[in-house]
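Listed next as structure tokens is one chain, alone, in the form predicted on its own.
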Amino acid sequence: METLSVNRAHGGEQGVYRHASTATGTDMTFSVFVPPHAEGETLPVVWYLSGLTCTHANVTEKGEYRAACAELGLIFVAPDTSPRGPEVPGDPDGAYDFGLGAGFYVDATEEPFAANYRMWTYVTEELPTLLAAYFPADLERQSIMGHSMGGHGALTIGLTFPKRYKAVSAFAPIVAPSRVSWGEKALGGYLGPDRAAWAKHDAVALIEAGARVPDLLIDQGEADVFLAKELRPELLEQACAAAGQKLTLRMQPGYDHSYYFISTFMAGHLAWHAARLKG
């Protein structure tokens, strides 16, 4: 693992790192904030999955999470959103919603994407192992959160591994990718035309099939331009109500899809995670 930068912040260390990934077959970059802690102490981990077009840098520079993580004693990890490099295929039309920067947190089975687009394995298996080897991380106390495409990833991963992740939350998530254009393009392109293969990567479908977590927290801006067409939180609300899955869905007047929105509610989400990680 190569250290690209380390900066002191709120008594802890914000680092950016790069390593050769066996999951993606490429170099991958990620960021980790480690709060102040006693020597030998291990700390709970919050995973943050970013949205379309993002890298680790978006939340690292704009997320305003470090003060809360320092106060709450949380390690904060931000992976990239896809493999990258000249050998990695992207969208043939150069669109932003597929390919580079748009891995959708799945393991692709369709060519030419299957060799590199294995973000599910990267996030759930490879990067946690690396984190435990190099940082004071307690993998018995993990939680997961994300934004937009990353909210989709956080929900589906959290619902798939409910014993591993003690808390699951999201900002403006894509809750039912099988039923919106962003998701249909991505899941079809990475996983093929058989929609049955898409179900494990659709939070609404997972809940309808019986997946459960203790509770979910979602913040959604009412001024989000993607709300009606791509995000559709009402579908998650309906599925949770029908299944008896506890959900707190907070519609926030005037807020959009940006990091101004995310940073406003970040500390509240982290406190919610901390209560469940330490409780």
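Only a predicted model underlies this, so the values are computations on that prediction, with no experimental measurement involved. In this text, residue numbers run from 1 along the sequence as written.
Missing here is the form predicted together with a further copy of the same chain; even so, the following discussion is about that form.
Residues within 4.5 angstroms of a further copy of the same chain in the model of the complex, judged by any non-hydrogen atom, belong to 60-68 and to none of the other stretches in 229-237, 60-68, 45-53, 207-215. a further copy of the same chain is not shown here, but in the model of the complex it comes within 4.5 Å of a heavy atom of R8. For G244, no non-hydrogen atom is located within 4.5 Å of a further copy of the same chain in the model of the complex, even though that partner is not displayed.
Of the heavy atoms in P253, some are within 4.5 Å of a further copy of the same chain in the model of the complex. When contacts are judged by a 4.5 Å heavy atom cut-off, Q14 counts as touching a further copy of the same chain in the model of the complex. Although a further copy of the same chain is not shown here, in the model of the complex the stretch 239-277 places heavy atoms of P253, G254, Y255, D256, S258, Y260, F261, S263, T264 within 4.5 Å of it, in sequence order.
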